[in-house]
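Take a look at this one chain, the form predicted alone, written out in structure tokens.
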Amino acid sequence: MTTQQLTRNQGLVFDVLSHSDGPLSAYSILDKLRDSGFRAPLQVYRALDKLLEFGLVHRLESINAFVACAHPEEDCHAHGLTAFTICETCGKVTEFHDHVIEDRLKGFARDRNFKTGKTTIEIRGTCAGCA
């Protein structure tokens, strides 16, 4: 999915997340898009659901917020693991993939006959700039 194939609302939500300095809640996105005709949280949530499905954004479960994918040209769904560092001081989020960790987790699950779905790791702490 390319950003040119998005609906108007999906494109606006993606643009807000892409230009944000940090993760945003759905209500923060709504506030930023009120001048663009957004009136209800449902408009934002519908757009976010599709953007998540397309792999263009990620939901950070521990802080109930969303970020644009760091590399939307790749298929994030192809990675078995998506990981983030989240600075608890400034809110900076960095997305990364680590194949060693991914392989270890796959082996752990396989050894226990556990079929994995989505694997997301969120590491919370302090970034180098805030340390």
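We number the residues from 1 along the sequence you see. This structure is a prediction, so every number in the text was calculated from the model and none was measured.
Only in words, not in the display: the form predicted in complex with the DNA, which the text now covers.
**Q** Using a 4.5 Å heavy atom cut-off, which residue among K92, R46, H97, K106 comes into contact with the DNA in the predicted bound form?
**A** Exactly one listed residue reaches within 4.5 Å, namely R46.
**Q** Counting only non-hydrogen atoms and a 4.5 angstroms cut-off, does F84 reach the DNA in the predicted bound form?
**A** No.
**Q** Can you work out whether R8 and the DNA are in contact in the predicted bound form, taking contact to mean some heavy atom pair no more than 4.5 Å apart?
**A** Because a heavy atom of R8 falls inside 4.5 Å of the DNA in the predicted bound form, the answer is yes.
**Q** I'd like to check something about S25: if you look in the predicted bound form, is any of its heavy atoms closer than or equal to 4.5 Å to a heavy atom of the DNA?
**A** Contact check for S25: yes, within 4.5 Å of the DNA in the predicted bound form.
**Q** R34 versus the DNA, in the predicted bound form: is there a non-hydrogen atom within 4.5 Å?
**A** No, R34 sits far enough from the DNA in the predicted bound form that none of its heavy atoms falls within 4.5 Å.
**Q** Quick one: name the residues from 30 to 67 with any non-hydrogen atom within 4.5 angstroms of the DNA in the predicted bound form.
**A** If the 4.5 Å heavy-atom criterion is applied to the DNA in the predicted bound form, 30 to 67 yields R39, A40, P41, L42, Q43, Y45, R46, K50, R59, N64, F66.
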